[in-house]
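Encoded as structure tokens, the following chain is the form predicted alone, with no partner shown.
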């Protein structure tokens, strides 16, 4: 059952980091922005959920509602953080020369400054969120599945399903898809780049916020806790192919498997090393990622 245990851990890790990877891919393919502020958005959403859990939910709400309120707070805070980044970085810079490099530097600056502000506000002591999914267990074919792992996978899958359905059925979602296919043509037919940018950043920020709440079931929240999810999210997006949601999902599963195998046979200190070696090998074989094809409009 070691193989089954490794597979379950791989899926759990992929479900969390896959959210950020998909967010990175959507932001790049639609806006041409590699958003390095997801580290700050992640920590901001985590602390927002912690504040609500500590000072609101425990005192004023029924315990049965705590998981829903905490998760909703993380999602809304992430969306708010994404809108903030859009207003500060994307809208002022999107029509300026060398926007890609300027955007990367600006979002990285936001991440660093925001993390320092969180450090000043909350201190270096890590915070923890309450258990959202309980402590029950399910045994399936001699495999014991814990509540947190099932909850993480189900919540991540639901979030991705909602995002995909919204992008396929709603007008704003179709505008985002048009931007992902060809941003220049989308602007010609009247799709507002700035307005669409706000929707994109809110949507992807919400995904990062949910990832913060889910990962807090395993790790603590700290001012710089978003650094590792940011690195892994961007790495997964690059491995899958920037702009490819399908590639991001596939890469998340593969890198989750690499992490689970490394933890099992080598130790957690080697995880980043083996993951980046795997990414290098993938990019050597497929320079554009597993299934990603850069939009020709981005290359010109």
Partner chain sequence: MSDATTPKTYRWKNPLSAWETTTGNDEADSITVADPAMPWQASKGFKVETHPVGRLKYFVVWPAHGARTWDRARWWPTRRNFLNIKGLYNRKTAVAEKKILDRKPIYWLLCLIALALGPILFPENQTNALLTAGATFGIFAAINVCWTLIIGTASIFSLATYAVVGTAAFVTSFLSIQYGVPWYFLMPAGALIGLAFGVLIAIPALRLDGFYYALLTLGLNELFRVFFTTSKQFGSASGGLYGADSFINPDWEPLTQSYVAYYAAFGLLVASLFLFRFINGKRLGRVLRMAPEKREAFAAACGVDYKRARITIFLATSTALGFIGGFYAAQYRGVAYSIFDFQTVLLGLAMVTIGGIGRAEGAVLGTLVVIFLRDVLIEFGPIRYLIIGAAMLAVVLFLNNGYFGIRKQFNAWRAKKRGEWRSTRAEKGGELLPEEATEIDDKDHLYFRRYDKMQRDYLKTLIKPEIIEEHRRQPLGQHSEALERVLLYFRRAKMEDKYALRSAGPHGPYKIIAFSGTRGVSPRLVDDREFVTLDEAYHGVFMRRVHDLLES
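Everything quoted here is computed from the prediction, not taken from an experiment. So that the term is clear: the rigid core is the largest set of C-alpha atoms that superpose within 1.5 Å between two forms. Numbering follows the first chain given and starts at 1.
Absent from the display: the form predicted in complex with its partner chain. The rest refers to it.
Scanning 154, 113, 165, 126 against its partner chain in the model of the complex with a 4.5 Å heavy atom cut-off leaves one residue, 113. Contact with its partner chain in the model of the complex, defined as a heavy atom within 4.5 Å, holds for exactly one of 261, 231, 69, 61, namely 231. Using a 4.5 angstroms threshold between heavy atoms, residue 242 counts as touching its partner chain in the model of the complex.
Contact check for residue 257: no non-hydrogen atom falls within 4.5 Å of its partner chain in the model of the complex. Interface residue remark: residue 279 is counted as part of the site for its partner chain in the model of the complex, having a heavy atom within 4.5 Å.
Heavy atoms of residue 170 never reach within 4.5 Å of its partner chain in the model of the complex, leaving it off the interface. When contacts are defined as a non-hydrogen atom within 4.5 Å, all of 93, 102 and 227 contact its partner chain in the model of the complex. Note that among 234 to 242, 249 to 257, 47 to 55, 61 to 69, the stretch whose heavy atoms approach its partner chain to within 4.5 Å in the model of the complex is 234 to 242.
If you fit the rigid core between this form and the one not shown, you'll see the Cα of residue 235 move by less than 2 angstroms.
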